[in-house]
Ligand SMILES: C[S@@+](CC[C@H](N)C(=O)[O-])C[C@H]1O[C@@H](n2cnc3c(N)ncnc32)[C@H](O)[C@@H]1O
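What follows is one chain in structure tokens, specifically the form predicted alone.
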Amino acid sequence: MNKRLNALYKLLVGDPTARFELLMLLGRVLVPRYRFKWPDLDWMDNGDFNDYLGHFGEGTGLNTDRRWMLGQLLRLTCEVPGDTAECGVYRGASSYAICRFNASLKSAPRNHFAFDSFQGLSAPLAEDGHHWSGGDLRVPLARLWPFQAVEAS
């Protein structure tokens, strides 16, 4: 048995593809519905992007691919005139990415508007499911990163 484990260990240490395939096999057993992503995605080794994630404590979070996709979608709007807005900003990570993108454009300046009650979610109804509760995603306005926040009167 030790020889088999040793051989398996040597295979896995030297072969990242074998390690990933073993991880997928274990994943199918432990969480059959989980969908893996290939580990060699562009965003995994992008220093600027990983720094951005670090500002929001999301370097090991579950939304990294969604944050990357936001940046890719923003690139499609380079030639589209007008301001930008986000409804439901939580801690402002997406709005921060949008503002950074807007600032990088050579076209007319864009304003960005972030709308949120900062009270969290309302109490869910039966048809909303059971994942969230009233008040989830509540963040004080002062924690909005790093914008100049203006409360509506």
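Numbering starts at 1 and runs along the sequence shown. In this text, all values refer to a predicted model and were calculated from it rather than measured experimentally.
There is another form of this protein, the form predicted together with the ligand, and it is not shown here; the text below is about that form.
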Close approach of Arg28 to the ligand in the predicted bound form, 4.5 Å, heavy atom: no
4.5 angstroms heavy atom contact with the ligand in the predicted bound form for Ala85: no
The ligand contact in the predicted bound form: Gly120, any heavy atom under 4.5 Å: yes
Contact flag, Leu137 vs the ligand in the predicted bound form, heavy atom cut 4.5 Å: yes
Partner-proximal stretch of 112-120, 28-36, 99-107, 42-50 relative to the ligand in the predicted bound form, 4.5 angstroms, heavy atom: 112-120
Members of 62-99 lying within 4.5 angstroms of the ligand, judged by heavy atom, in the predicted bound form: Arg66, Arg67, Glu86, Gly88, Val89, Tyr90, Ser94
